[in-house]
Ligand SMILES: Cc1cc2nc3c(=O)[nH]c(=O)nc-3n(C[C@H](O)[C@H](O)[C@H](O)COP(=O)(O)O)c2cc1C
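Only one chain is given next, in structure tokens, and it is the form predicted on its own.
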């Protein structure tokens, strides 16, 4: 079967998941490519539940070993209608744990036919210059592998008359999925403290870039020092987008834990691909 048209639905607060998804799509080389951005809460309601294309890419980052909680409702309301789907998760060089299996299971439940899946590495959301974690990734080698993955998908589908003829993918993971304990610890901590990125008022110019970058509209547009602790998902889009480097996570317990994580994940990991 030929893929003439492709829809790509992605969630990408810091832009790296979008980059990987675009590279995979370029490798598939459809005549028509529709990119659908599910990052910002205000945009998610306009995403259609079905797709008028030959195939679909679903792409999301990995948060605490699982799909982001914001993504799950978007993916679970889709109608696959028997379309082939390519599944992509992007993680910060630690582990992708059960995230790829989670999106695989959702796609099956929603009537898609998974034909390929990949877990790619990108700069960790918590990476900062003094504490780099997979800094600069996806790099040129990552992008080449993502595009090559897309080409292999295209060739695989060319050799079959229908996605229904393909067997299931062997996706690693746990059933039931692992509990995201660190996420629950953050939610518990927020009962007594903000536990969100803070603003250096001496450097902040109130430009509002962080407001636009926040996928959950958690930052007050009138006063960017105010962050809704229950909306913030600690994606660090505000920190990475600030031109004045005025946003920081200052909690010492958080920074100590992330510092230990940074030391543990220095060995470069490569994409895991399933075809």
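Computed from a predicted structure; not experimentally measured. Residue numbers count along the first chain shown, from 1.
Omitted here: the form predicted in complex with the ligand. The next part is about that form.
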Open item on the list: So in the predicted bound form, is the ligand close enough to residue 122 to count as touching (4.5 Å, heavy atoms)?
Closed with: yes
- [ ] Could you confirm whether residue 33 comes within 4.5 Å of the ligand in the predicted bound form, counting heavy atoms only?
- [x] no
Open item on the list: residue 94 versus the ligand, in the predicted bound form: is there a non-hydrogen atom within 4.5 Å?
Closed with: yes
TODO: Report yes if any heavy atom of residue 235 sits within 4.5 Å of a heavy atom of the ligand in the predicted bound form; otherwise report no.
DONE: yes
Task: Location of the ligand contact in the predicted bound form, chosen stretch of 203-211, 241-249, 54-62, 219-227 [non-hydrogen atom, 4.5 Å] - done: 54-62
Open item on the list: Can you list, in sequence order, the residues from 238-255 that come within 4.5 Å of the ligand in the predicted bound form, counting heavy atoms only?
Closed with: none
